[in-house]
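A lone chain, given as structure tokens: the form predicted alone.
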């Protein structure tokens, strides 16, 4: 019993280790540079990682069900380009349609959801491998983004479209007669993570997600429609990718064929660092938010410290490797505990040892 308590303490520490890393990173970079721990820089970090954060939410949903969505960065770029082409004038690279900005946002979301549904249906109904399927969509969508683009940035989008990614809710005095703009995107991301956490932890759909990720066969035996659950999480991932495209295009007031390119590995890293297991069935969105914060803090802090870009890439890879190591330890512990329960149940003659609960 004492050993079980030690294991539980270990698991609790590991599950919340991300916040220790966040605090340590803040302290270290604050000591390195006096310009780091300032209201302007902290707000800037949250604003810059907003598109990454939305992709992490979508990726977390798929990972909880023991799946991947490696196409999300291309979905982000493709939906942003579609909206920009519909909204911008011809001289700014658009098609000249200049449709209503809110209609453009709706079309963006519909395209993102449709891509997610396409992924989900092919994976669940046709038995496609989720890794291969989403990598194929990654390439298809990136190629399609280049194909439909004018070969350059599409600029000067409507203010209503830019508001979510580039607008400010209010401004506060920051000294010397200057004002700090508090971005809409920062609040939007925080609200999105809160909603995602409530959905995953306090709804039947969320419980079904964890059940499918933990043991799909057992979940189906319990009456859970795993194909429906997986399809829905891919639709959610597609919608999150479209919202990420909206935030990025709004912040930059433009969309380019490279929008979102190279984000898929940071997305995976931030989710795993935040405690979302690659093996499914474990992790929470609050931890994933911590992973996003840590990624943004390291990226900004290392740049402020003028570390070579090559060493920044090394640090990113090392961080991901460490997160994978921690995840492997958790999985090993959980398997060991499950085996102990089975052995304990079998020694007291239960007909079904898997039903034994401590």
Partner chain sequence: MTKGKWLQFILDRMIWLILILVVIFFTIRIGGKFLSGTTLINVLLHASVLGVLTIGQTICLLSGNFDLSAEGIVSLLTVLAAWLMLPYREMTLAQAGGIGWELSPYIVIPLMLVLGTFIGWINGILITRLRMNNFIVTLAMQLFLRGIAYVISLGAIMPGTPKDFNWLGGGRIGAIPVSVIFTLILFLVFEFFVRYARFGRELYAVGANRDAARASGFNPEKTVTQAYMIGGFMAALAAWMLLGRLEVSVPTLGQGMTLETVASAVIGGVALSGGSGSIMGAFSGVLLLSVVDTGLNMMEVDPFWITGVRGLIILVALLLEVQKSRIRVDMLAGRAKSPVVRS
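This structure is a prediction, so every number in the text was calculated from the model and none was measured. Residue numbers count along the first chain shown, from 1.
The same protein also has a form predicted in complex with its partner chain, omitted here; what follows describes it.
By the 4.5 Å heavy atom rule, the three marked residues 19, 192 and 289 all fail to count as contacting its partner chain in the model of the complex.
By the criterion of a heavy atom within 4.5 Å, residue 153 is excluded from the residues contacting its partner chain in the model of the complex. Although the partner is absent here, residue 132 sits close enough that one of its heavy atoms falls within 4.5 Å of its partner chain in the model of the complex.
Using a 4.5 angstroms threshold between heavy atoms, residue 36 stays clear of its partner chain in the model of the complex. Taking the partner from elsewhere, residue 40 is found to have every heavy atom lying beyond 4.5 Å of its partner chain in the model of the complex. Remark: of stretches 99-107, 139-147, 78-86, 184-192, the one touching its partner chain in the model of the complex is 139-147 (heavy atom within 4.5 Å).
Of the listed positions (123, 196, 239, 219), a single one reaches within 4.5 angstroms of its partner chain by any non-hydrogen atom in the model of the complex, namely 123. For the options 211, 128, 180, 164, the one in contact with its partner chain in the model of the complex, meaning a heavy atom within 4.5 Å, is 128. Scanning 301-324 for heavy atoms within 4.5 Å of its partner chain in the model of the complex gives 310, 311, 313, 314, 316, 317, 318, 320, 321, 324 in sequence order.
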